[in-house]
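One chain is shown next in structure tokens, namely the form predicted on its own.
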Amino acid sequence: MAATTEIQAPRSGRIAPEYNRHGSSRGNFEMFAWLFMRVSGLVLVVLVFGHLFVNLMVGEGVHAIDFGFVAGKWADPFWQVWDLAMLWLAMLHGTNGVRTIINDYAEKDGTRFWLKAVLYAATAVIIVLGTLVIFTFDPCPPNAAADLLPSFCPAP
């Protein structure tokens, strides 16, 4: 008598998915998403610690952070690009992580679709608004009341 091995279905009533390896664009996307998480994480560490060092350690430290500090910092294109890179990378890094969690835990295709649609919409809104704030920030708006302007603005 020969021993036979029999594959049994899981007891949960679900059919175990077969592992299929085939060349699809989704596989390449997931590989690039994985790689992006590693690279963006390393770049974000540098950006965030640079941001913290400049804001908290240089000059008067945390006591110097106020409206004028931010206005002076964002007057320099270097810091605009630095903060923009930090915003974009943090948002895309976080979005990719949440996308992965949605793919892993949302069981229904419809649920997965709507969760990712909300995620992508929120990400787009935050990136667009954050970019607009960084590049259109004007600490001395024209026609503003003099008592509302910071001390470094020229008198109207």
Partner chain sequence: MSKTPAGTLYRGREGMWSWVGHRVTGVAIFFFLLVHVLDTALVRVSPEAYNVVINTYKNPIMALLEAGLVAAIVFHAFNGLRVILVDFWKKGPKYQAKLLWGVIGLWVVVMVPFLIRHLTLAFTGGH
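Positions refer to the first chain, counted from 1. The term rigid core refers to the maximal set of C-alpha atoms that superpose within 1.5 Å between the two forms. Keep in mind that what you see is a predicted model, and the values were worked out from it rather than measured.
Below: the form predicted in complex with the partner chain, not depicted.
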query	finding
Partner proximity in the model of the complex: A106 to the partner chain, non-hydrogen atom cutoff 4.5 Å	no
G61: touches the partner chain in the model of the complex, heavy atom cutoff 4.5 angstroms	yes
Heavy atom of L149 within 4.5 Å of the partner chain in the model of the complex	yes
Contact label in the model of the complex: W74 to the partner chain, heavy atom within 4.5 Å	yes
Residues of 54-91 having any heavy atom within 4.5 Å of the partner chain in the model of the complex, listed in sequence order	L56, M57, V58, G59, E60, G61, V62, H63, I65, D66, F67, V70, W74, L87, A90, M91
Rigid core superposed: E107 CA moves 2 Å or more between the shown form and the other one	no
